[in-house]
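Here's a solo chain for you in structure tokens, the form predicted alone.
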């Protein structure tokens, strides 16, 4: 429940901002000049804020659409991401967002028109190149969809441009807006998974694995393209058998032939993010794992351990799917 809302003075009368605030009539509303006054404030306690985050309503200026990290690619020649929101309502202990931001508050940028204009510019500039857009890099695409109306506002844009693909990356079961909409072949709903044993220990507040699979099945039955994202792969005692069981559990319930794509990626964090996370959660077993720093300045599992788990998962997945649907991420 949101009981504190900060809003930039310039958007107090913005229709989307007003609609969001009406959802929380009991919240204390405080105006600010720029969201960074709250979000980037020094000496914040991320862990304490995560218990009861505030909502910040803001307008984003510039950089509405950015080149996506190379590991996000699923076949597009040009790849971009955009973030209508910063931070996630879930509390996954391996998430790089917790190492990147000082604040645990949620930021929602209400100026969707500027994002849409930037997306259309990129599509037109791409010409005949395949172009993909990823939502869910700085947030979960669907977790606050009943509040943000993100799906309702952005799907029509991509209906107009079938040559452009949109990926909604999520762990959320908030799929009512998708089930109510007409499926479109250039929208992928991509679910992130770890085995139940790992999810239960590290993915706090996120829907259980079984509920995510149920959502996948419902979306696929409705005609939506779905994707599977096993990124990051998390090591613990028995991880191989746990991932093997997870793959079997998923493919027993979905149609693999109708699957758009599958990707896997090793656990990795920029060194500065890792240091922030390990300070936030010094008791977390994850950060006591056998970790090393790579030549690229990333913290990941020791090479032999990382490669062994990665290879095992790849070999365990390929019997279920055509290899042309498999998009590995090997960067670390």
Partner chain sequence: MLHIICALKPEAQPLIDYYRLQLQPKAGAFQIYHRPETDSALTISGMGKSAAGAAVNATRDYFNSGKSDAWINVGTAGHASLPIGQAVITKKITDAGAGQTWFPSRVFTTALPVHELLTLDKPGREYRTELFDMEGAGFFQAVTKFATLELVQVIKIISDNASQSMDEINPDLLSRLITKNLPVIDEVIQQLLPLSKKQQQLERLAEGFDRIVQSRHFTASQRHQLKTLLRKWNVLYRREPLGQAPLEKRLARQNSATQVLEHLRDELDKAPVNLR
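Remember, it's a predicted structure, so these values are computed and weren't measured experimentally. Numbering follows the first chain given and starts at 1.
There is another form of this protein, the form predicted in complex with its partner chain, and it is not shown here; the text below is about that form.
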property: Site check 28, 37 and 282: each within 4.5 Å of its partner chain in the predicted bound form by heavy atom; result: yes
property: Answer option from 68, 278, 300, 263, heavy atom within 4.5 Å of its partner chain in the predicted bound form; result: 278
property: Residue stretch of 159-167, 77-85, 133-141, 193-201 approaching its partner chain in the predicted bound form, non-hydrogen atom distance within 4.5 Å; result: 193-201
property: is_contact(residue 267, its partner chain) in the predicted bound form, heavy atom dist at most 4.5 Å; result: no
property: Interface membership of residue 115, its partner chain in the predicted bound form, 4.5 Å heavy atom rule; result: no
property: Residue 289, heavy atom within 4.5 angstroms of its partner chain in the predicted bound form; result: yes
property: Residue 41, heavy atom within 4.5 angstroms of its partner chain in the predicted bound form; result: yes
property: Within 4.5 Å of its partner chain in the predicted bound form: residues from 223-246 (heavy atom criterion); result: 234, 235, 236, 237
